[in-house]
Structures are given as structure tokens and as C-alpha cells.
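Let's start with one chain on its own, the form predicted alone, as C-alpha cells.
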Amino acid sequence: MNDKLLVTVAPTGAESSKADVPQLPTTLDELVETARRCEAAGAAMVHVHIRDDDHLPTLDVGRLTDTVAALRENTDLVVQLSTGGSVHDPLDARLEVLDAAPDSCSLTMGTVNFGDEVFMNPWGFITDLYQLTQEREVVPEFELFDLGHVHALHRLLRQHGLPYGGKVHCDLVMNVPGGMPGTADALVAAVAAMPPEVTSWSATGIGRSTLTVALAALAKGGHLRVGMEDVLTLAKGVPVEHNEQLVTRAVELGRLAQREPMTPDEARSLLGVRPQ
């Protein structure tokens, strides 16, 4: 299992507009089609943001519930919902994401400047969300945008114990304007600072840092998150036409490192997610 590679696809996000990026999957049908193709290409988990009828970010619980059901009906992927939403979503609505009963959810370990905005994650919200994941038997993925977030994870585990499933999985989100840079040095420092309870971790390189972060993560034994939430080009001037391209590239990089992609069932075992 340690030689296998978990590839997570984050196909949509909350930042890019459909008008600017028509190939972005924003409808339920588009999301399901994307998930199926990405699973076939080697992804084992999907990190989900959803949009409303106007293609704007939403945390509507009914839509989230329908999305989880559709993804489970059409794929075997581990379904992870974002509790970050967009930077404008209120904290109480972000807690209600768990009402949709996903397999996993994101849990960001601190507030961070996010370009010109501020992504708010006060300590009380973090602990409320964490305890709710334990009660609902949802596996959190701890999103770490900076070294301070790594330090906060130590505090959270010390005060509130292990998550449901007993595994601790993190994702380093790198190169967000306001967070840690997308460099190999920053990745090595973050990994070295992780609590001993961490059982697996992945890394996400935003924008131009995508390949740098992916290669550094593979060199350190980590896993990969890719997708149009995080990058919209394959190379300078070459737009991504489908998330499948990014998953395929991640799988190819993994195979160069002699790591085959995990199946969804293997990912469930790695993460401590309840059986399907």
C-alpha cells in the first residue's frame, strides 16, 4: 500500500467562472461525467465544490446531497466535500455541508490570506467542525496552507484526539497568494513539521507550481491532488480541456516514480473511510 499513489481530483473549485472557463464542470451532469473519466484515468478520490443554476458557488445542502448520491451511483470514488466553499460563505453554512453525509470533507487548519480576500477559519470553527466529523463518521482531510496550520494540527489532535477511522490525512495546499510558496523547500519543511499521528499526506501546487510540488511530493513519498480547481493550463499557453488530462499526467508521474495509482477501495483503507 505504501508504494501506491493516491490521486485526488479537484475538478471545479469556487474561484474560476464558467464564462471565463467554459470547460469547467459546473453542472451535476458535467461533474459526474468528469468523475467517471477521472476514475478511469486513475483518480481514487474527488474533492467537490458545487455550483448553482447560474454556475456560481453554493453550499446548498439539497444540491450537495444530490451530488453525493449521483457520484456514488456512477463511480466508486471516495467523495470528499469542501467545507471551505468560497471565501464569502458563512461559517454556519460550512458546518451544514456534513448534512450531505460525504465520505470525507476538507478541514482547513487556519485563516489565510487568499489573494485579495481572507479565507476565515477561526479556532472555534475548526474545533466545531472537527468534532462534528467525529460524530458523523466523516473522515477529515486537513488542509494546510502554511506552517502555522501544521502547528495548529498538533494542537487539534492533542486536544480532541484522532479523527473517525483513526487515520490522519493532510493535504498541503501550496502557492496560494498569502500561504506558503509552492517550492520543494517549503514542502520539505511542512512535512518535517507534521505531527507523528499523520498517516498519509498529499500536496497541491496551485498554478505554475503544479509540477514542482508534484515532483517534490513524489520524492518525499506523498500523494497528489490535481484538477482545474488548482490549475487551468498544462503548459504556458496550453489550456486544460478536461480534468482527465491532469489526472493522467499525475498517474504518469507516479509511474515514473514506480508508484501505481490506488483504487478507490485502497484509498478507503488508506484514509480510514467507512466501506461503501
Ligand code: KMH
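When you see a residue number, it is the position in the sequence shown, counting from 1. Just so we're clear, the structure is a prediction, and the values are computed from it rather than from any experiment.
FYI, the form predicted together with (5S)-5-amino-3-OXO-hexanoic acid isn't displayed, but the following is about it.
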Can any non-hydrogen atom of Thr111 be found within 4.5 angstroms of (5S)-5-amino-3-OXO-hexanoic acid in the predicted bound form?
-> no
Please check if Ala14 has a heavy atom lying within 4.5 Å of any heavy atom of (5S)-5-amino-3-OXO-hexanoic acid in the predicted bound form.
-> yes
Taking the shortest heavy atom distance, is Val87 within 4.5 Å of (5S)-5-amino-3-OXO-hexanoic acid in the predicted bound form?
-> yes
Please run the contact check for Glu39 against (5S)-5-amino-3-OXO-hexanoic acid in the predicted bound form: heavy atoms, 4.5 angstroms, yes or no?
-> no
Assert contact_stretch over 62-70, 234-242, 216-224, 46-54 against (5S)-5-amino-3-OXO-hexanoic acid in the predicted bound form, heavy atom within 4.5 Å, equals 46-54
Looking in the predicted bound form, is (5S)-5-amino-3-OXO-hexanoic acid within 4.5 angstroms of a heavy atom from every one of Asp103, Tyr164 and Ser200?
-> no
Counting only heavy atoms, which residues in 142-175 are within 4.5 Å of (5S)-5-amino-3-OXO-hexanoic acid in the predicted bound form?
-> Glu143, Phe145
